[in-house]
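We begin with a single chain expressed as structure tokens, specifically the form predicted alone.
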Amino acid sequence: MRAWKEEHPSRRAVGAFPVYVPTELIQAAGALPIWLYGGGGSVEISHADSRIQSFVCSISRSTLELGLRGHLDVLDGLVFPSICDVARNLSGVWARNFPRMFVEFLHLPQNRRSPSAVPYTIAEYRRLLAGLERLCGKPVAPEDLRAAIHAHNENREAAWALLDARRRTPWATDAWETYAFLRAGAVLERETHTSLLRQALAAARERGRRPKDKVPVILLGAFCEQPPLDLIRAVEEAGCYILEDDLLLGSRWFRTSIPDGADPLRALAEAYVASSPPSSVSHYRGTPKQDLLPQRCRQLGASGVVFLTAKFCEPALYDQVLYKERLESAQIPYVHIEFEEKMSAVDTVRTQIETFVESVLFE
């Protein structure tokens, strides 16, 4: 981030807290969108606990810790979406502790079935865009937003191509490798990241790997706080092929391209209301997501589900109860693992997954 700011001293960098932020608006304003996923295991919490409770998710505490230590002073702004009460309150804590930084809380519609959902979303996007225009010192023209939408469409297309390839041939590309390539986009310009993803897909196709006797699974629950990379590797090394996951969900939120026609802002709002995927942080307008999970397992040929949820993440933990009931009714095995950013010892998790794999293979 600092290197990019040195190369572009006149431009701004704006952070986006997960799960979903319309980063097209940030790019259209001329700023670099930066996805923030906390401090991982690289930061000790020594300042944040004086501003926020110690019993909330790690990502909120470590992100605030990074800010209080000055590691995020390269950012000119930060946008918080409506994930949960913790994210909502963190935006206020952030604004109080960093009064010179541009801070916005984006109120996304929870009930997307409402006829007011699209007009409401447009109004929120316009409010955010007006703030970004003040921050960046220039108005955003429709062609700026169209160009940003086009760049994001290509980026999502490249991301889904890589994910689809892993879904079809999971032995060719490990889930942790795919994750690392997608995670790199958090700090890169969209065009640069798109090129990287395409190179990764081409390299994966040239591999000569052969299938192994592993259990194909779906991994769910890490849509906001991200598990340690070693934990993802441990799940795979214990005998699982991860066919699908919700890691880094916001960076690939839409499955299809967003039209960039006469009114790109409306197109962006309509895409969120009509085409958002099932998520633990908003009401889904289609079939209940707990009913969709058994269907998805059958579609993909997944033999089970691995729930990977962050400690103190209420949205994920609440949904896990609903998912559990449906999976048990459909006789689909599952295993539940809680994690936190500073989780270092994964041997226990590996043993737990190995036991789960054996139960699936030899039931």
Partner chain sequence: MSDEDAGKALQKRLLGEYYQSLGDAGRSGQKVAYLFVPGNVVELLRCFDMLPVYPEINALQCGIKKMAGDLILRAENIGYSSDVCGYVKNDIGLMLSDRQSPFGPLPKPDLLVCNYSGCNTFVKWFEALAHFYGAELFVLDIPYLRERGPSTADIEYVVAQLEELADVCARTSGVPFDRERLKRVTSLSYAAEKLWVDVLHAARSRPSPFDAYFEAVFYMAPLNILRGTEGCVEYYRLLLEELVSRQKEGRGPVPEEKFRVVVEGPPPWPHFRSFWELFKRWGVCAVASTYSKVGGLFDQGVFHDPAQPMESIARYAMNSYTNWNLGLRLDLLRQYLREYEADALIIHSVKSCRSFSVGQADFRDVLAKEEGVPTLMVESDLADPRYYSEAQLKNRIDAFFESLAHRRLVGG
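Quantities reported herein were computed from a predicted structural model and do not represent experimental measurements. Positions refer to the first chain, counted from 1.
If you look for the form predicted in complex with the partner chain, you will not find it shown, but the lines that follow are about it.
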Contact flag, P99 vs the partner chain in the predicted bound form, heavy atom cut 4.5 Å: no
With a cut-off of 4.5 Å between heavy atoms, is Q53 one of the residues that contacts the partner chain in the predicted bound form? yes
Contact of K289 with the partner chain in the predicted bound form (heavy atom, 4.5 Å): yes
Partner proximity in the predicted bound form: R88 to the partner chain, non-hydrogen atom cutoff 4.5 Å: yes
Residue stretch of 140-148, 165-173, 91-99, 242-250 approaching the partner chain in the predicted bound form, non-hydrogen atom distance within 4.5 Å: 91-99
Find the only residue in L78, I232, L132, I83 having a heavy atom within 4.5 Å of the partner chain in the predicted bound form. I83
Thinking of A3, S10 and R183 as one candidate spot, does the partner chain come within 4.5 Å of a heavy atom in every one of them in the predicted bound form? no
Can you list, in sequence order, the residues from 101-129 that come within 4.5 Å of the partner chain in the predicted bound form, counting heavy atoms only? F105, H107, L108, P109, Q110, N111, R113, S114, P115, S116, A117, Y120, A123, E124, R127
